[in-house]
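Form predicted alone, single chain, as structure tokens, below.
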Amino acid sequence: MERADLHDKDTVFTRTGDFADRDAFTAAGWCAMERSLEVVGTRSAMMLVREAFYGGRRFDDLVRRTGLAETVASKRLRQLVADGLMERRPYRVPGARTRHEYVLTERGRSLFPLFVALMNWGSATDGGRGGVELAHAGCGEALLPAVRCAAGHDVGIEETEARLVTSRPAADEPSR
């Protein structure tokens, strides 16, 4: 198997197989990171997702807690619903018109590891200002993001290989 091992202090991943020749292809249009950022790659999207994780549901609360303009929040919520991250549900307070609240779907909840990683990264780079800390309800310790392979091994950046895949394996098949 062809490998692109530079073995210097600046190397991040080892590229293998067809990915070893970085100039032989472009990632534009098929990169999973690119597709993800198309959905949640804006500040407004992540602020709305944050508030949903914190329990916010109603439009007025989401706007107030994020500080977003109503037009921006409305547009972004429509997109989050269209992308399957949130569900729009009607509710009605007695004596008032029917309104809508927004709740995370299972797809939206799957962003939890990313949410934890971004919270920890932000806390580590904020100069000690404090803020919300996510903790395990069972023991009280802070949550930490972790990277593991499908076999359950903790994996560091120096142990990571990047390879091209043409399709995803079925859930019960190995990833090679």
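Start at 1 and count along the sequence shown; that's the residue number. Since the model is a prediction, treat every value here as computed from it, not as a measurement. C-alpha atoms forming the largest set that superposes within 1.5 Å between two forms make up the rigid core.
This next part talks about the form predicted together with the DNA, which is not shown.
Participant: Please pick out the stretch from 63-71, 103-111, 116-124, 134-142 that is in contact with the DNA in the predicted complex, where contact means heavy atoms within 4.5 Å.
Facilitator: In the other structure, the partner sits against 63-71.
Participant: Check R50 for me: does it contact the DNA in the predicted complex (non-hydrogen atoms, 4.5 angstroms)?
Facilitator: So R50 does not count as contacting the DNA.
Participant: Taking the DNA as it sits in the predicted complex, is R88 near enough to touch it, meaning that at least one heavy atom pair lies within 4.5 angstroms?
Facilitator: Yes, R88 is a contact residue.
Participant: At the 4.5 Å heavy atom threshold, is R92 in contact with the DNA in the predicted complex?
Facilitator: No - in the predicted complex, heavy atoms of R92 and the DNA never come within 4.5 Å of each other.
Participant: Does at least one non-hydrogen atom of R35 fall within 4.5 angstroms of the DNA in the predicted complex?
Facilitator: Contact check for R35: no, nothing within 4.5 Å of the DNA in the predicted complex.
Participant: Inspect the rigid-core superposition and answer whether the C-alpha of R99 shifts by 2 angstroms or more between the shown form and the other one.
Facilitator: Comparing forms between the shown form and the other one, the R99 CA shifts at least 2 Å.
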